[in-house]
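Shown here is one chain on its own, the form predicted on its own, set out as structure tokens.
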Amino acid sequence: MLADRRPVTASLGAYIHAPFCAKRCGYCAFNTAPWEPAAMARYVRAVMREMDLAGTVAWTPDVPVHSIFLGGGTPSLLAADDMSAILDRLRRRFRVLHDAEITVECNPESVTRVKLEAYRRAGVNRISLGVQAVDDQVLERLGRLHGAAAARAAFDAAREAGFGNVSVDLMYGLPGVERDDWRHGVETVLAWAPEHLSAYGLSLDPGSLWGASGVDGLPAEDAVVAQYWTLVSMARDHGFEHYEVSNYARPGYRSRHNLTYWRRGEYLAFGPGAAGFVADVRWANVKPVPRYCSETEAGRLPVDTCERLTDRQALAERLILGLRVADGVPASWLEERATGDGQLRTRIDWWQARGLLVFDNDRVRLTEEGYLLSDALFIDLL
């Protein structure tokens, strides 16, 4: 799969999935597994073996890696030595740029200044801190293992460890959170002065506990929208640009790795359930950790699914992903997609008339109000 497809972009991202969690949160639908020392040790060996197997492809010395993102799960459950070993193996098998952005998602309760200092020595230069909320009662209901004080302590530990690029994750639309509660939480986190902020509306996805059983106390839709606008305004007042539907950054601190996804760049993938994309092929690894490990131990790349995208799929993806970003996309892409599709053209005109979609010279972009309704347009673009 990798061997017969050469990247078409000048450089790649690399995603590494670390699936283990000390506790699964009620809202989580990601591929996770219970943390256990022997399973973690086997996973570390397996993910490095996967890098060995993928690194034998002929083009790997020629195409550099510009960003690495360790997501989960809880990657910060990795011991410092294991983090160093994984990143060193990736560097040996692929040409990682010296200034590559290397991000690790961290849960507050699983990091200390000492661990973060060791991560930094291993080459990590960006921390994404999964705070989600700064109200102890809300955090307990979410199933998080940290409290508000621990969240602030983890942020301070990242600063003390020398990290000058820290992102904080928040969630809005949470059960029991009123508008004033949300405003207080945003004020609290902005006062920490992070470089980046990600804010996601709660969704009850299939595969999550809450998605299966439901949850009481969810705010009404208009209250969720009000929380969104509160964040937009407060982030702007603190010097953040709203550069993607769910992401805000100080100038110069946009997530390089995530921009790879939104600009439909190419990326490698390692770990159980991780998804990669090279040329016109997208693939996903097997999800169960034992099976993933068995595949690599047998000398096989642990690919579960693979598809080759059509030109129409590629165009739709370029539009959907690109319109998530404030920079938008070339207007010619939208024109190409709408050619011969009268219903879509009518929808585009409707969006433009209502100020949700803006044409600016040779580009088109969503407004902040358009972000709120973007899923409806994205369905039409498919």
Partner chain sequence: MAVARIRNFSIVAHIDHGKSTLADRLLALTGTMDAKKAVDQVLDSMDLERERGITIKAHTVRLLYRARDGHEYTLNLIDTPGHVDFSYEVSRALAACEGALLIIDAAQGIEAQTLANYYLAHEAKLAIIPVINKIDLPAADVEGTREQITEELELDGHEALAISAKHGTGVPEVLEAIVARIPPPVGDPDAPLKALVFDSYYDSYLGVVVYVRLIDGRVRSGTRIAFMSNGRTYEVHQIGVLTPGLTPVEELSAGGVGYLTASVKRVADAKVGDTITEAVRPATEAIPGYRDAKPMVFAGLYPIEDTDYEALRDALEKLRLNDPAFTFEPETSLALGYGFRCGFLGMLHMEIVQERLERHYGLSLIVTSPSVQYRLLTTAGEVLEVDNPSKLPTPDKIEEMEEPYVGASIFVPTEFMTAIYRLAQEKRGEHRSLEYLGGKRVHIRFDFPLAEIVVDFYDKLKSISKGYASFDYEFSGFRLAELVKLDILLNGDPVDALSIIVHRDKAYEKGKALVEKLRQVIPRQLFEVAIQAAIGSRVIARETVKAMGKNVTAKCYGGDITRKRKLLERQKEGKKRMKQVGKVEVPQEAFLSVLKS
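Residue numbers count along the first chain shown, from 1. All values derive from a computational prediction rather than experimental measurement.
FYI, the form predicted in complex with its partner chain isn't displayed, but the following is about it.
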Contact of R347 with its partner chain in the model of the complex (heavy atom, 4.5 Å): yes
Does the 4.5 Å heavy atom contact test between A331 and its partner chain in the model of the complex come out positive? no
Is there any non-hydrogen atom of S110 lying within 4.5 Å of its partner chain in the model of the complex? no
Contact flag, A41 vs its partner chain in the model of the complex, heavy atom cut 4.5 Å: no
Taking 4.5 angstroms as the heavy atom distance cut-off, pick the stretch from 117-125, 74-82, 267-275, 147-155 that is near its partner chain in the model of the complex. 267-275
Using heavy atoms only and a 4.5 Å cut-off, determine which of E317, E336, D327, D52 is in contact with its partner chain in the model of the complex. E317
Using a 4.5 Å cut-off on heavy atoms, which residues of 346-382 contact its partner chain in the model of the complex? R347, W350, W351, R354, Y371, L372, L373, S374, D375, A376, F378, I379, D380, L382
